[in-house]
Ligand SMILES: Cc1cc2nc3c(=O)[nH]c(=O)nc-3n(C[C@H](O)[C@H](O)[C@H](O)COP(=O)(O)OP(=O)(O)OC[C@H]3O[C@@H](n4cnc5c(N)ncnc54)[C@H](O)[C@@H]3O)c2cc1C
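Only one chain is shown below, in structure tokens, and it's the form predicted on its own.
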Amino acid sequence: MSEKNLYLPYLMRIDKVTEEAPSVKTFRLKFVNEEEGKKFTFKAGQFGEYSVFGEGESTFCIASSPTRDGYIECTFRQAGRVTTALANLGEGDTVGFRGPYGNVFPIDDWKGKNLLFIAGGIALPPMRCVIWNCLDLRENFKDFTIVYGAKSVNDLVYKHELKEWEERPDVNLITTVDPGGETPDWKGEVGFVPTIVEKTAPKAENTIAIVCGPPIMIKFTFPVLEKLGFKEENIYTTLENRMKCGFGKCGRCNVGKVFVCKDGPVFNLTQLKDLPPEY
């Protein structure tokens, strides 16, 4: 990235497009300038600004792991003007990328601990980065549990990776869909994510919980984790909503005394409880 212009993006070529769910796609992006790609680094939890020239840019996490060299990935749902423009692109097309921005998940501090990942719907992409990061360093962690839910079976993203995680003997994967979202051959749980977390009751001792999902899911999952004995400082989430410029200039992500793009997007529950309710 240019040191003279903070807004000047890298040029990225779409190397692969994966259809994940209705209106949800994953782009694998490679640097047009290979030398820039060799110098580029990031850590789990950071995000970027992805742009379609002439349309604007949108904020997404980096959904791939920093342990995977040569590319980055983003997953997005077609919703507005920019994401519709992105969705209309294909392999070989060029997009812009600014980043990485934000703080990171303190993975090094989690060594020797159990990991519990709780995600809902399109919020699995921010978790995917840290999940694969930790799985690629699997020897550093103890029990590994993933709880993931969506409105329906069709809305589950990364279906091929869910199957891979399910088949791994060192991962405990629990999938669920909302009542009415199941199919006749569905073998997972049926119920809202907070309910399933309480039902399965993962152990809190020596465990880090990472939660990401719609605000309503997060709101009801935090009390369940506290009820199960999780300490506030061991519960993490990542907040992507309301971020725009990426480095605190526009003020859109300002909540109380923090800028989510600079002071986050990763926060633990102790930090969140110090913020105004509107976060």
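Please read these numbers as outputs of a predicted model, since none were measured by experiment. Sequential numbering from 1, following the sequence displayed.
Form predicted in complex with the ligand: not shown, discussed below.
29, 212, 225, 243 - the one with a heavy atom within 4.5 Å of the ligand in the predicted bound form: Contact residue from the list: 243.
The unique member of 83, 114, 195, 175 whose heavy atoms fall within 4.5 Å of the ligand in the predicted bound form: After the contact test, the surviving option is 83.
Proximity to the ligand in the predicted bound form (heavy atom, within 4.5 Å), stretch among 73 to 81, 198 to 206, 176 to 184, 160 to 168: It is the stretch 73 to 81.
Residue 234: touches the ligand in the predicted bound form, heavy atom cutoff 4.5 angstroms: Heavy-atom contact with the ligand at 4.5 Å: absent for residue 234.
Contact flag, residue 51 vs the ligand in the predicted bound form, heavy atom cut 4.5 Å: No - in the predicted bound form, heavy atoms of residue 51 and the ligand never come within 4.5 Å of each other.
In the predicted bound form, residue 104 touching the ligand (heavy atom, 4.5 Å): No, residue 104 sits far enough from the ligand in the predicted bound form that none of its heavy atoms falls within 4.5 Å.
Non-hydrogen atom contact residue 122 with the ligand in the predicted bound form at 4.5 angstroms: Residue-level check for residue 122: yes, a contact with the ligand.
Members of 33 to 62 lying within 4.5 angstroms of the ligand, judged by heavy atom, in the predicted bound form: Contacting residues: 47, 58, 59, 60, 61.
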